[in-house]
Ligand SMILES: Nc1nc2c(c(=O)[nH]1)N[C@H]1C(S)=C(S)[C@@H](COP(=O)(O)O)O[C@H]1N2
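So this first bit is one chain, no partners, the form predicted alone, shown in structure tokens.
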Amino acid sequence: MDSENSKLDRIVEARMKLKARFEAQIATTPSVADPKPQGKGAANRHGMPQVPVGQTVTQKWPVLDLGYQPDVGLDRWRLTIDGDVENPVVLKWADFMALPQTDDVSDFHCVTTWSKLDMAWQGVRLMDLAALVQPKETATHVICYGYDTYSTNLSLAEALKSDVLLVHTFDGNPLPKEHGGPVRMITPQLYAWKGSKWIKRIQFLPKDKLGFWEERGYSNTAYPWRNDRYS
């Protein structure tokens, strides 16, 4: 138990150092700096449009994928975190669940023009995963890969925001397979394609690298409140 507590303490300490390192960059991103809501929860929508321009609120949760939904059992699920980091790791399910767990409520904006509001998640902050592996000073971006061969990229200023989670639970239940279970990434301040379903690898990079949809003409930045859909 002491060793587990020590590991968690180290993650918290490393998290604070990372936050300080990227705080200025995060503060200047459009979803924070714009005089518009971040799209996270009812409080941030007070007195503003419920959803970004071009979006429609849905009660359902539509299923979108590449035409393949991998069946990844917890016994064989692995998350590799590598690239420009000091301590690359491969996490099994028990390792992942032993990390600090975060509950959060956020909105989900799909580029296909629907938004689902106030979604209740539980998972691990990407910030805490980064703290575990300690990105090198040269790292500026991540690219995430799914078991379905999907990929998507993020700057570290976006990836390290407190509401970017690798979620395993939605609304108190295990994340359904069709929505990326057992684990998917969510990016509430960006369009949802920036979060890989069935996630299996996070690679830290010294420069940007386009993902699946970015290579096919979708925006590389993907800010919903700027209607930032296509490059």
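Remember, it's a predicted structure, so these values are computed and weren't measured experimentally. Throughout, we count residues from 1 along the sequence that is shown.
Absent from the display: the form predicted together with this ligand. The rest refers to it.
Interface residue remark: Ala27 is not counted as part of the site for this ligand in the predicted bound form, having no heavy atom within 4.5 Å. This ligand in the predicted bound form is approached by Leu66, whose closest heavy atom lies within 4.5 angstroms of it. Not displayed here, this ligand is kept clear of Tyr223 by more than 4.5 Å at the level of heavy atoms in the predicted bound form. Taking the partner from elsewhere, Pro52 is found to have every heavy atom lying beyond 4.5 Å of this ligand in the predicted bound form. The candidate stretches are 83 to 91, 157 to 165, 102 to 110, 132 to 140, and the one lying within 4.5 Å of this ligand in the predicted bound form by heavy atoms is 102 to 110.
Shown here without this ligand, the chain has Gly195, Ser196, Lys197, Trp198, Trp213 in 194 to 226 lying with a heavy atom within 4.5 Å of that partner in the predicted bound form.
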